[in-house]
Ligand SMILES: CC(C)(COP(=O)(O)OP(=O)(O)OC[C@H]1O[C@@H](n2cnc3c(N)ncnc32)[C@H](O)[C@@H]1OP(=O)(O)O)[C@@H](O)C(=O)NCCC(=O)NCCS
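Encoded as structure tokens, the following chain is the form predicted on its own, with no partner shown.
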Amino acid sequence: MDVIAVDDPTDAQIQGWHDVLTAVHAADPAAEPAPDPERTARGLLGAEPGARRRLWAVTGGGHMVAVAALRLPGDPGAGRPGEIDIQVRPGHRRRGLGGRLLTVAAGALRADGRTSVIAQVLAGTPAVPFLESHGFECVLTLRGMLLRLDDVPAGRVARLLAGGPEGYRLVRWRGAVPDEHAAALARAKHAMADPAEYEAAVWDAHRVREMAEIVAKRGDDLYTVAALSGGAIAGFTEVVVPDGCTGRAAQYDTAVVPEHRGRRIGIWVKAAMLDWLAEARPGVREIETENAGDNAHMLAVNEELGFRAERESMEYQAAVTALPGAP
């Protein structure tokens, strides 16, 4: 079997890649929707602002049997880690194919001046022992949750909105953050209980805009609701609605700045988001989210809204020097 670079995917290669993802999903669905062919194509073909992507596949018998995508955020040599995703057809696992792809990706990481790489995988799947056997260590456990909007009791959103704290006002925007809120949103993002400490990534106005550009480039819509205290953002929440949404949207970041905590701002902005989506995107019937397993406050907020646990995933990190092929 051969490892090939998929630098400029053909229609046949895109279909082969999608077939691998479909086979993996069939074995480990984890309550997630099946891969969408159009999203697979956009992910392989679309240029992403602020990042580069390298793609490889293992082929055998004229078919792809394993694939790897390496995301390289920032410029070469940037302090941020690379992000690797390796998928192997269930019938071809334990043959060293994933290791071969990881070795090739490790060479690309070294050539790009990276010192570390991260990967997110579902708990309890073969990906866990694979990563652990190749120098990765778990740095974060994430709880995947799902809110079915039809299950939200009538009147709950209105009551939560009515219970908003005094001295604050809500603002909202679709797409890129307005200039007057960009720096404040970047400051608020530092409050997130997220893996920033090992991603070595600093939020600033440029990165905030870059994230919105990435979402827009995919054809998706980014919705943001924020609570203001004076001119400062005290808390915010983001939801991304996929292009051609058939029912499920994705919760992105939610955070409340430390000095504004304890006033139920988190659940207030989330309720405002649900109210907005009901008006602007009635096709959204589910919202999925992930929270760090030790983020008890946000887990409680989501459970009060009606989110229910669906899966558990894990963030792994490895030093590039620990990867196969290291000198």
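The structure presented is a predicted model; accordingly, all values stated were derived computationally and were not measured. A residue's number is simply how far along the shown sequence it sits, counting from 1.
Just so you know, the form predicted together with the ligand exists too; it's not on screen, but the next bit is about it.
- Residues with any non-hydrogen atom within 4.5 angstroms of the ligand in the predicted bound form fall in just one of 218-226, 181-189, 133-141, 243-251: 133-141.
- Residue 95 is the only one of 207, 95, 172, 148 with a heavy atom lying within 4.5 Å of the ligand in the predicted bound form.
- Out of the listed residues 84, 255, 106, 177, 84 is the one that sits within 4.5 Å of the ligand in the predicted bound form by at least one heavy atom.
- No member of the trio 16, 55 and 70 reaches the ligand in the predicted bound form with any non-hydrogen atom inside 4.5 Å.
- In the predicted bound form, the ligand lies farther than 4.5 Å from every heavy atom of residue 314.
- In the predicted bound form, the ligand lies farther than 4.5 Å from every heavy atom of residue 214.
- Contact check for residue 99: a heavy atom falls within 4.5 Å of the ligand in the predicted bound form.
- Shown alone here, residue 119 lies within 4.5 Å of the ligand in the predicted bound form, counting heavy atoms only.
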